[in-house]
Ligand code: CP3
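Below, in structure tokens: the form predicted on its own, a single chain.
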Amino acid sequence: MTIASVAERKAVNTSEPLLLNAVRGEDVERPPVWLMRQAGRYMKAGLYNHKSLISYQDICQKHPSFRERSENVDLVVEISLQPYKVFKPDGVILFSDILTPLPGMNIPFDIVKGKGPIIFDPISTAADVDKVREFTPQEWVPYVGEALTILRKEVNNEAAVLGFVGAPFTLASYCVEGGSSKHFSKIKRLAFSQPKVLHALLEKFTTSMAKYIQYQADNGAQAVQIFDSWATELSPTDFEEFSLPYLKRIVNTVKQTHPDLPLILYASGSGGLLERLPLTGVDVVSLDWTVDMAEGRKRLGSDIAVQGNVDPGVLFGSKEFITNRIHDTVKKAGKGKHILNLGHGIVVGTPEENVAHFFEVAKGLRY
């Protein structure tokens, strides 16, 4: 597999990427494909016949801090482009983290190897919420804007450049729990005993994330995915109070300034909330693998595009098994308005040659 360098491509490609055309319901020959966590630790040295590329593992050895890797323009660009250079997906997602804006909101955090995110001063009172600042992206994360601008030039419309943000409830969960959580008892205690305090925090995240999406779009992102990973810990009634209205407001705010920017919503384990997700106004709902794709399509309705939803564990199977699951998912999704993806991110330890096979089969599909 050889890929022409950017220098060899001189002319700027003015045609729209396949992913954008598919989301808009235009006639496409196959579903576009990219994978969540397509840049990451599963990519070995040598990078599947690309001996000249430095692997993600090598970068991690040289730069052991995740925050350093995700807050340095050169490293962000290099890591974001690794899977593009090797597999040529139809989407190139910014290498970053949903918690990246937190320091700019006066919420210090770090990501510790083996432990995940740690919030140094968890939020529990109205006074804590008062200390949270509104996020100014250009001031706090200029490297995100610079990286997106470079990625657009490098990818040259051969694929769509994707940005992403965390949803208000998910960000609030991390900040109240102090990191990841099993039972979400702290955020639920706050929600059910001091709802005004939680709503005040959600307000700040809503304004800030709308600004962050606009900033990413202004600097080159052609679509933005919103991760509401923890909203599915809420009952449908509580989702309608603590997540849905804030997602709606983000979408409305962004659509006022960027009406044509596709917004993708991903919430793992969202089967119980599925009919409520299109009410946010997003353009694409990303399904996890616990929902049958054909049933998910019916429940969501024909107006909205879908993304997903192959089980990441399938990538541990044989090549024939992977091929069959891809065909099954695409058949169930039907023609058009479908972005082929996994139902969650690539798992550490996934054989790289199986990821290569996934892309090879996906790119060979024809409706």
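Given the structure is predicted, the values throughout are model-derived calculations rather than measurements. For every residue, the number given is its place in the sequence shown, counted from 1.
Beyond the structure shown, there is the form predicted together with the ligand, which is absent from this document and is the topic of what follows.
Among Leu263, Ala305 and Asn309, does every residue place a heavy atom within 4.5 Å of the ligand in the predicted bound form? No, the whole trio is out of contact, none within 4.5 Å by any heavy atom.
Segment that reaches the ligand in the predicted bound form - one of 183-191, 291-299, 87-95, 244-252, heavy atoms within 4.5 Å: The contacting stretch is 87-95.
Using heavy atoms only and a 4.5 Å cut-off, determine which of Ser208, Ser229, Ser270, Gln214 is in contact with the ligand in the predicted bound form. When the ligand is considered in the predicted bound form, the option within 4.5 Å is Ser229.
Just one of Val73, Ile111, Ala200, Leu279 has a heavy atom within 4.5 Å of the ligand in the predicted bound form. Which one? Selected residue: Ile111.
Can you check whether Tyr174 is within 4.5 Å of the ligand in the predicted bound form, heavy atom basis? Tyr174: contacts the ligand in the predicted bound form.
Hey, in the predicted bound form, does Phe66 get a heavy atom within 4.5 angstroms of the ligand? It does: once the ligand is placed as it appears in the predicted bound form, Phe66 has a heavy atom within 4.5 Å of it.
Mark Pro259 yes when one of its heavy atoms lies within 4.5 Å of a heavy atom of the ligand in the predicted bound form, and no otherwise. Taking the distances in the predicted bound form, the answer for Pro259 is no, it never comes within 4.5 Å of the ligand.
Indicate whether the ligand has at least one heavy atom within 4.5 Å of a heavy atom of Gly116 in the predicted bound form. Close contact exists here: in the predicted bound form, Gly116 approaches the ligand to within 4.5 Å, heavy atoms only.
Between 154-173 and the ligand in the predicted bound form, list the residues on our side with a heavy atom within 4.5 Å. The stretch 154-173, when checked against the ligand in the predicted bound form, contributes only Phe164 at the 4.5 Å heavy-atom cut-off.
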